[in-house]
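First, one chain by itself in structure tokens, the form predicted alone.
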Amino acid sequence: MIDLTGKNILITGASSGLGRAISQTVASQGATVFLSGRNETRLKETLNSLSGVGHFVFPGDIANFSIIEQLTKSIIEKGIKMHGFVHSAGIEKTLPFKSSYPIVFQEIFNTNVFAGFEFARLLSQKNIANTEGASFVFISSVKGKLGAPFNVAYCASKSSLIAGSKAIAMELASKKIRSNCVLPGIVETEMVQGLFTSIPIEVKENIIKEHPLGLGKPEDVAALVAFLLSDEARWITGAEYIIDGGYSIH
């Protein structure tokens, strides 16, 4: 079993979906979790579901970059050293390309990409990063490799995470900070379940059939993220891990 005892892990998008599952998994493995999310009520629900004690909640919209600065400043003031960071926050808009105006790209990139990289930049500073090593994990998407219709901005943002994570890995290796990307297929989160209630049953069945092993569970992705945060993954950086139930082998 992965052991994250004594590690401080910051997770964005922790109020639901993958972020919540990742928070629960790393807490169960001994980590102290710093929860970031827009919805304070749901963030506290995540907090109440965690194993262990001493976890922290930081509500706020990280698309407002001043929130990121305030959060990291608060951690520094507490004298806490960070061992890991997971950028799970993300937004998606299904739009035809003709309606994907620059403002759409800006909104999606602010949350999906820029906020994650700003967190990584601040958390890599010597006054907050654990000097014995740290691990950054960016939640991308298999769509960042394969693309999808009506998702140009989203696909572009997830592809940017992959490339940016590799560049971060090269630059921060001297600080013993690793950077990796996880690329899930469709996972049965609340958002996906809501989508399935709004589409024809045959469309839903086709989506499921495209995943030879079926749709994933949030816990499947969380287990991989926990491994990448752990010391067992100490020689892994600049990598991208597809976890999609076989979707990408079509």
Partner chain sequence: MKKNAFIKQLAEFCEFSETDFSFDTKLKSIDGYDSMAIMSMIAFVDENFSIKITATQINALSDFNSLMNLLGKEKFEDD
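Positions refer to the first chain, counted from 1. Fair warning: this is a prediction, and the values are worked out from it, not measured in the lab.
Not on display, but discussed next: the form predicted together with the partner chain.
*Asks:* Tell me the stretch among 163 to 171, 121 to 129, 139 to 147, 95 to 103 that has any heavy atom within 4.5 angstroms of the partner chain in the predicted complex.
*Replies:* Going through the listed ranges, the match is 95 to 103.
*Asks:* Give a yes or no for Val203: in the predicted complex, does one of its heavy atoms lie within 4.5 Å of a heavy atom belonging to the partner chain?
*Replies:* Residue-level check for Val203: yes, a contact with the partner chain.
*Asks:* When the contact criterion is heavy atoms within 4.5 Å, does Ile199 count as touching the partner chain in the predicted complex?
*Replies:* Within the cut-off, so yes.
*Asks:* What residues, if any, in 213 to 250 have a non-hydrogen atom within 4.5 angstroms of the partner chain in the predicted complex?
*Replies:* None of them.
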